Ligand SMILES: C[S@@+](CC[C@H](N)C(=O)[O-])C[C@H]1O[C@@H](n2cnc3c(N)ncnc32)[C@H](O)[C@@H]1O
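Starting off, we have a lone chain in the form predicted alone, written out as structure tokens.
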């Protein structure tokens, strides 16, 4: 669900990309409409496509999603990893967990997706085993902490993705509203970390609202 025009691409480029045919998916389209009408901030469709392609190309089997919302990303990821894969997705709001579980059941993926109700930092801190793909789309102020918790758990060929890392263009702005300063500061620190930490090789992609993409160096 796109909530704003592309801010990096030239208008004609954005219009061309938007005009490309997209595979229809009745359930995802239903979820996009639900998110728009109920003001749930889910991933843009092109970010969802990137998630699917990445998970499939990486051969990911154990996936952790930080920020379930209504289950849009979790469904995309579970479809990508296939019947032998598993997605653990974390959501703080109990009522949103129930909405997500409903859509996940409708997708026939309840056996592949565990919707965990709880604080993301607490759940990640107690996580056992390795993670093949981590997707972060949660509290922006906590992105650096999520990175610190996920990196030691990332498998040798694991992938880390994070949405909204450009935060409506404010990450690149000289003047940042006071209400957004903590978020922007955290996102700038996260972006700098994924491109500069010696144990990572990462990029920031101008897709949707900005996607951080990193693997182990």
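Residue numbers count along the first chain shown, from 1. In this text the structure is predicted, and so the values were computed from the model without any measurement.
Here the subject shifts to the form predicted in complex with the named molecule, a form of this protein not shown in this document.
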Contact flag, residue 104 vs the named molecule in the predicted complex, heavy atom cut 4.5 Å: no
Partner contact for residue 93 in the predicted complex: the named molecule, 4.5 angstroms, heavy atom: yes
The named molecule contact in the predicted complex: residue 42, any heavy atom under 4.5 Å: yes
The named molecule contact at residue 120 in the predicted complex, heavy atom, 4.5 Å: yes
Among 56 to 64, 150 to 158, 34 to 42, 175 to 183, the region lying within 4.5 Å of the named molecule in the predicted complex by heavy atom distance: 34 to 42
Contact assignment for the named molecule in the predicted complex, among 80, 131, 139, 127, heavy atom within 4.5 Å: 139
Any residue of 55 to 84 that, in the predicted complex, places a heavy atom within 4.5 Å of the named molecule: 65, 67, 68, 69, 72, 73
